[in-house]
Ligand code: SAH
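Only one chain is given next, in structure tokens, and it is the form predicted on its own.
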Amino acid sequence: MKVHIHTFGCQMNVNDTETMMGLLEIAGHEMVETPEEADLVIINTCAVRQKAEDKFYGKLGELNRIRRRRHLIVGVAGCIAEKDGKKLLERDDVDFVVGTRAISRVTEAVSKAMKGEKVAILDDHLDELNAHVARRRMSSHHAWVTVIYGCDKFCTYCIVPYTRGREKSRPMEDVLEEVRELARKGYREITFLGQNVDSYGKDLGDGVSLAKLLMEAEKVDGIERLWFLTSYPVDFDEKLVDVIAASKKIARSIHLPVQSGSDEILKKMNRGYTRGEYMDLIHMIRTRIPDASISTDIIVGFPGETEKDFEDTLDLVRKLRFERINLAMYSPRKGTVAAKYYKDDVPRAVKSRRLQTLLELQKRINLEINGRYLGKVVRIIGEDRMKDGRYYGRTIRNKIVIFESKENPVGRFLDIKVERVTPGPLYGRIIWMEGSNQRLEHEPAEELGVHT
């Protein structure tokens, strides 16, 4: 059977899709690029915001147009599948549902759907997602590796603990076995994933931690860079900072969602830290890792957010000068504490204005930071080709660099001289490429600690 999987949401969903593709291929199914080619389509869903949920139902509508012309089996995986599984199965346009902790059973669900059965598999089968599970990687040099599932934080706005369940770590040796196998296959970069990746190991009770995992993974021959996503401020400890500071392979890119600069809003969000504690953490990281690149998430328009609360957030951004911010307007998620107890009382126009104000501030900060790269040489790993024929890669600080190349640079180290900067990517030319036959100049690459 020809199968297409459409993925919404975070990197963990991408990794789940890679796992489902691998399992389905082992079972004899063929993966195809578009729904039009497919006999069966799986939508891997995200429920973190209403907009993501709306996109899922829009995709269902698109598939219904195909179903009106011919037979098409449709399955749903991911967070909406976990949240609304049985309700989804009542729909005529959904044939099967696979929960977030049951993706190892996707072939079982497909087999039953092929026989005309409607099925929802929502049990916990995470123990089956070990190093030996077949996965079809979307990259030949970089791999996502989920090390911990679920979330125990219960922020009042967040649906994830209800769709992904409680925290459950993989045994460290199982993770390392997967890393070693990836290295044997020629992978050079690994990103460890978790809703709260720096909580890794706490539930195992054997002394394992993200810091220890990174130290062991760094020893694997062939692995050149290690990344991790996403961290939670309360769990980001000094041991982890010291491990990063001492390493030449662990990326200097740290994503620490703050969500708000107001103590009042942070308390209502149940984030577990104050504005001052978060700022102290960033100061500690930058003191010990001077070249660290810090990024964050911010929600505007949380219930009860006043102009003073928003000004506190603006002030925090001005002082900390993040290298990237993921911005979102608050949207109530049914089933969360905020949706149940707090009125969504910030008008949409006010949310939009606050979002735009932050975007403009961050754009200025980004341009100032990126301006310091002009004329400098940075080392990247080539990542992919763009639609216009150019390539891009990223530095160890997660700075995206766009360039032209006659040879395929994907998966190779390159030194790029930066010749143009924007608030987003940097643009430059190759002066050295690993294993290249081109005649190139060569200057030593440097990285910049440009947070000040």
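Numbering starts at 1 and runs along the sequence shown. Note that the structure is predicted; figures quoted are calculated from it, not measured.
In what follows, reference is made to the form predicted in complex with the ligand, a form of this protein that is not presented.
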So, in the model of the complex, is A328 in contact with the ligand at a 4.5 angstroms heavy atom limit? yes
Taking the shortest heavy atom distance, is V421 within 4.5 Å of the ligand in the model of the complex? no
How about T146: is it within 4.5 Å of the ligand in the model of the complex, going by heavy atoms? no
Quick check on G261: any heavy atom within 4.5 Å of the ligand in the model of the complex? no
Can you check 246-254, 84-92, 189-197, 208-216 and let me know which stretch has heavy atoms within 4.5 Å of the ligand in the model of the complex? 189-197
Note which of L226, L182, C158, L129 lies within 4.5 Å of the ligand in the model of the complex, where distance is taken over heavy atoms; exactly one does. C158
Since exactly one of R49, R394, R412, K417 fits, which has a heavy atom within 4.5 Å of the ligand in the model of the complex? R49
So which residues in 299-314, when you check the ligand in the model of the complex, have a heavy atom no farther than 4.5 Å from it? I299
